[in-house]
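Take a look at this single chain, the form predicted alone, given in structure tokens.
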């Protein structure tokens, strides 16, 4: 291809230069007008954008573990200070109002939001009184029989399980510890009945730790199977008192409100003599909370006429009911009144069985 040169006159060059100068003047004027508008709009804003939309902060975004822990502890301290300030403020307001102060708010807990159970026991109900007068424990509560307990273990028990049985024998009056020696429970039960034992208690273990308890009321049952956890012997407890005496302790049962819980409470209460010796000042407590039965053994300490202290003697442990069986122990052909089904019964956290 051939390129041909086009001649450019000097008038055209002058026109181009004039256009470039005009364009530069326009851009300068536009920039000055924009800056003037920004200066006019700035004093109208009362707050900066950062104050109206603060940046979100999360402790989990901190990658350094030590710095993240320090920031987390600082946030906890700040929240605690705010709570204390609110409490002090409310306390001052209540003192200033006096009798006109509004009632205190009841905190929401899982216990006070419990789902109502149809089997809840009314102590004034005639049916409940009739059942108590005709059940397996009526002879004990009427004073016709005295409890006598045999405590044994699974085959080849370890030292921790043996010590736990020995300490239980000091807590329960008229309790005797015998080694299993490979005998089956079906052979042990007739021997216990022949020797006038009213209870058979079997402590099972797993990996040298007590993990189960079978409690069989003799001679006609029922039999309860519990899971045992959080066992602490006397040597493992801090600030414990001296060893318990031979006095019969007082028995306290808390929160056994349903029919099933009522029968379990009577089963546990029948382990101890009905007439406690208040001279010894000893108390055995079975506290039911969220279907976990916490056992504690204390002694009252009277400091003066108004102040009373409590000294824990031990041991302590926690029970979880697995099954309740009619009659004596029979793993194959026994009739079960109640069996724990975790996936069905534990689906709602606010529904309890005991």
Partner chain sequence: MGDRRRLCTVWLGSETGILKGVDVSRKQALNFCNSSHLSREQEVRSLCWGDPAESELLVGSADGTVKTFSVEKGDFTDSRRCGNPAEGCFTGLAPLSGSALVTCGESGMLRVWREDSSQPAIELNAGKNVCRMRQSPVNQHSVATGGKENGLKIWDLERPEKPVFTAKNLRDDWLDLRQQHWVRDMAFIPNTDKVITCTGFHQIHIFDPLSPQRRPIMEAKYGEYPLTTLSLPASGNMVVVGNTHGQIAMLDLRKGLVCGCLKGLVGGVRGLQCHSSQPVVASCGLDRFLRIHSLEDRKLLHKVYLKSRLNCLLLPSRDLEDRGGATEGEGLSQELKVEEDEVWDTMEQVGEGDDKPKRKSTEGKEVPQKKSKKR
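The structure presented is a predicted model; accordingly, all values stated were derived computationally and were not measured. Residue numbers count along the first chain shown, from 1.
Just so you know, the form predicted in complex with its partner chain exists too; it's not on screen, but the next bit is about it.
Within 4.5 Å of any heavy atom of its partner chain in the predicted bound form lies no heavy atom of residue 245. Contact annotation: residue 342 falls outside 4.5 Å of its partner chain in the predicted bound form, judged by heavy atom distances. Proximity of residue 99 to its partner chain in the predicted bound form falls outside the 4.5 Å heavy atom cutoff. In the predicted bound form, none of the heavy atoms of residue 110 sits within 4.5 Å of a heavy atom of its partner chain.
Of the residues given (236, 127, 206, 196), 127 alone sits with a heavy atom within 4.5 Å of its partner chain in the predicted bound form. For the candidate set 259, 163, 148, 240, a heavy atom within 4.5 Å of its partner chain in the predicted bound form is found for exactly one residue, namely 259. Residues placing heavy atoms within 4.5 Å of its partner chain in the predicted bound form fall in a single listed stretch, namely 324-332, out of 324-332, 299-307, 285-293, 64-72.
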